[in-house]
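Below you'll find only one chain, the form predicted alone, shown as structure tokens.
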Amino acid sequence: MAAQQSTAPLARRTVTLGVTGGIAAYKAAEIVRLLRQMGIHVQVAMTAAATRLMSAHALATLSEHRVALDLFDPSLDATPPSLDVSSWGKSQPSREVGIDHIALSRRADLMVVAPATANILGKVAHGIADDLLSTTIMASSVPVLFAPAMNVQMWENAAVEENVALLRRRGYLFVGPAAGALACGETGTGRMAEPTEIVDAVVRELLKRRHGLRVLVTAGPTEEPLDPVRVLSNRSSGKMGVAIAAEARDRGHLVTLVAGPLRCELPLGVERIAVTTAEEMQAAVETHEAEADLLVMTAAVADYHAKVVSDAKLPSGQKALSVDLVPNPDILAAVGPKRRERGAITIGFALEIGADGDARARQKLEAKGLDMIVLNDATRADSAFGGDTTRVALLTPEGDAAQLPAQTKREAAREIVRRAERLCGFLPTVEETHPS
């Protein structure tokens, strides 16, 4: 998953990252870096053991905030309540000044413990608060997300299993661990989730606690099998749908992305439902669209699939091959009118070529019960499949037609999402909007 640029809604959020003494502590630097790239403020608390594996100075530099190390810090009263580090020009950031457990928990919207050792899981499960991090967790009223990391035998130890089960029942959140090669040389479950997975989980939890829209986006091509190795597909990269998903997330909305085989990186903080065929995409859309305030169908769904899929690889180079094709379901036509009846907003995309493309797009707009359709001509150099730019027109049932200039797909996505918000009656506050 690709790192993202700073965004206004997330820039008003603060995460406390607790780092414990597992070998995966070195990955804390990447977690901080990714959170900061998302615009999230980060304050770090480290256990004494963690400082032997990861530099507190490095985390202070990356977070632009002093690292909290000690439960009893004599400089507590001098710690400012903001994350402003303008004074660092006069005092070196290597001065590792702690923040007390109450301040650390009260200033955060979410706590993350990565790596979370068996020790910290056991402490929290049994109410032990004997250092800065465990005390901060116990004093916290915000969600706590653990990213466990330990030897496979420790993870499978009955005591750890019971502690994890207890913590889950109490509402603590978990991401990972994963299976694979461990630092100790053994193989099994116990690897800490990758930093991108942890940050992805963080963003999704932060957005769940906002009052944005629930947005469902489809993206990419579908692949229809002909035999075990061959498929019928198209050249869609999925970049437009991914751009819309990322833009909606950046404006504070909770996004689910139903994605075919993409040829681009996924955005962080977006739930992905992976599909391959048109029928799988239809099933996913029908399952989730009822919860969506906004449905944006950017996917280039294959129009046909093979009537009969061969169980064996079809022979090649021997004779002409004929394959009977039958139409795939029209997902938009199936869900659009129903959504219109209940007042839910739906936006479709139309790839049309030729002078009468506008008229064909308007026919689809009406027939499929859409609130807006995005018209595109992929034969244009500035709108080609797989490219980073596009030139689209936005058509509405009222007869309006807004021709956008050639621009990046992310810029086009911003305009589409802004108009979709207005259709949904959603008015973002000033701080939730992108700067112009």
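Every value quoted in this text rests on a predicted model; they were computed, and no experiment measured them. So that there is no doubt, residue numbering starts at 1 and follows the sequence shown.
The form predicted in complex with a small molecule exists for this protein as well; it is not shown, and the discussion that follows is about that form.
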query	finding
Output flag, 238, 243 and 410 jointly within 4.5 Å of the small molecule in the predicted complex, heavy atom basis	no
Stretch from 105-113, 264-272, 176-184, 341-349 whose residues place a heavy atom within 4.5 Å of the small molecule in the predicted complex	341-349
4.5 Å heavy atom contact, residue 329 to the small molecule in the predicted complex	yes
Proximity of residue 133 to the small molecule in the predicted complex, heavy atoms at 4.5 Å	no
Non-hydrogen atom contact residue 368 with the small molecule in the predicted complex at 4.5 angstroms	yes
Partner contact for residue 303 in the predicted complex: the small molecule, 4.5 angstroms, heavy atom	yes
In the predicted complex, the one of 149, 294, 199, 297 near the small molecule [non-hydrogen atom within 4.5 angstroms]	297
In the predicted complex, the one of 364, 191, 123, 251 near the small molecule [non-hydrogen atom within 4.5 angstroms]	364
